[in-house]
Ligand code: GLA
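Shown here is one chain on its own, the form predicted alone, set out as structure tokens.
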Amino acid sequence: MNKEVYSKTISLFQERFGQSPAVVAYAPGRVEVLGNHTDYNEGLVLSAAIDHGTFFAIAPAEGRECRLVAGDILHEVRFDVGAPAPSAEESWSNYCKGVLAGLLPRGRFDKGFNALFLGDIPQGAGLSSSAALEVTTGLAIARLYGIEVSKIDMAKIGQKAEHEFAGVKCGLLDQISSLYGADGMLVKTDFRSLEVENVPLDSTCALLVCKSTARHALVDGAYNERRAACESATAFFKANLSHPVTALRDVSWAEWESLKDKMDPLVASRSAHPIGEDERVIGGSELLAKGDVAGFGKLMFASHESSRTLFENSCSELDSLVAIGKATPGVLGARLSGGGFGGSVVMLVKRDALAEAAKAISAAYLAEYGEACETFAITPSAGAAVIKE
């Protein structure tokens, strides 16, 4: 949590509204560490809340009008507290308005509010600034209006806001990671039961996010094709296995190997990735419990190889970053993070080698692509919370 950003949030709020906030909430971004494209297959993911996030300051207003300010650009929108609606012009406001809409049925909203948000999540690195904004908005508004909401329900409110107000059909991973983070811990989420637990990451290690220069292209179509392939594979396994199958979560690697030659080759290849990822998350959790960070790092490399060759949701820039990481002293593992087709690579790095590794990786990427690769050292951190009231 960045104390300078917190102080600036308070200062900007006071300058804009002439009062101090009654409540301030904070929510971190997230990084996906292991478990890729498993969420919509009812599988498992290991992620982490990061030490960058978004503050949301709020105070009651006199009438029903809400004033919402984006602290980085100082743009303001106004709307009635009981009638939040999506805005095409100020699309940034839709994440907050959507969360308010999700909370309206849960409480009394006789008066509006004044609010301002500000954060330090690096943009364009796939660290989920949108989910952090949704979560911090939800926590602040709920506390101001005296509404009790469970963590999992808050995650669902954020997801619904993204679906209905921002127009992005996201899963729950980002919101859950932001809410359930813990210092020095990864977040293990079961997307069938929505059970969440924290798994310790050895304190001798840190995470390094390396933002590639790859431009996202045809992501929606590629995503939809892969999801459809997973659904086709689920139908195949349901018809060919003796036990119930409702998602790829129900299929073991041994079962996939025994039946792969009877499947459409592309469907077989696509389905192998989430099936293997589930087993890697289970194995990775066991390795971390034993303190075997080197073994966990090998699973990260295996995860990326699966993305590259089976799911084909990588690209040359991400592949290069993983290869550079593999050749860099102190780097134990590396894989693409998030949906793929561009974005970032997350690396598991020995903490005492972090600075030198980041410098070497940036230099090697620059030499290959002629553009700099931004790097961000990440420490798994505490989840979202109300920090002032």
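If you're wondering where the values come from, they're calculated on a predicted model, not measured in any experiment. The numbering used is simple: start at 1 and walk along the sequence shown. For clarity, a rigid core is taken as the largest C-alpha set superposing within 1.5 Å between two forms.
Note that the form predicted together with alpha-D-galactopyranose (GLA) isn't included here; everything after this is about it.
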### Query
Does residue 278 make contact with alpha-D-galactopyranose (GLA) in the predicted complex, using a 4.5 Å heavy atom cut-off?
no
### Message
residue 60 versus alpha-D-galactopyranose (GLA), in the predicted complex: is there a non-hydrogen atom within 4.5 Å?
### Response
no
### Query
residue 43: heavy atom within 4.5 Å of alpha-D-galactopyranose (GLA) in the predicted complex?
no
### Query
Is residue 125 close enough to alpha-D-galactopyranose (GLA) in the predicted complex to count, meaning some heavy atom within 4.5 Å?
no
### Message
If contact means a heavy atom within 4.5 Å, which one of 25 to 33, 63 to 71, 357 to 365, 321 to 329 is the stretch that engages alpha-D-galactopyranose (GLA) in the predicted complex?
### Response
25 to 33
### Task
Answer with one of 267, 172, 118, 288: the residue that has a non-hydrogen atom within 4.5 Å of alpha-D-galactopyranose (GLA) in the predicted complex.
172
### Task
Have a look at 223, 256, 79, 92 for me and say which one sits with a heavy atom within 4.5 Å of alpha-D-galactopyranose (GLA) in the predicted complex.
223
## Note on the structure
Those residues of 361 to 386 with a non-hydrogen atom no more than 4.5 Å from alpha-D-galactopyranose (GLA) in the predicted complex are none
### Query
If you line up the core, does residue 230 shift 2 angstroms or more at its C-alpha between this form and the one not shown?
yes
### Query
Rigid core fitted, then: does residue 274 show a CA shift of 2 angstroms or greater between this form and the one not shown?
yes
### Query
Taking the rigid core as the frame, does residue 60 move its C-alpha by 2 Å or more between this form and the one not shown?
no
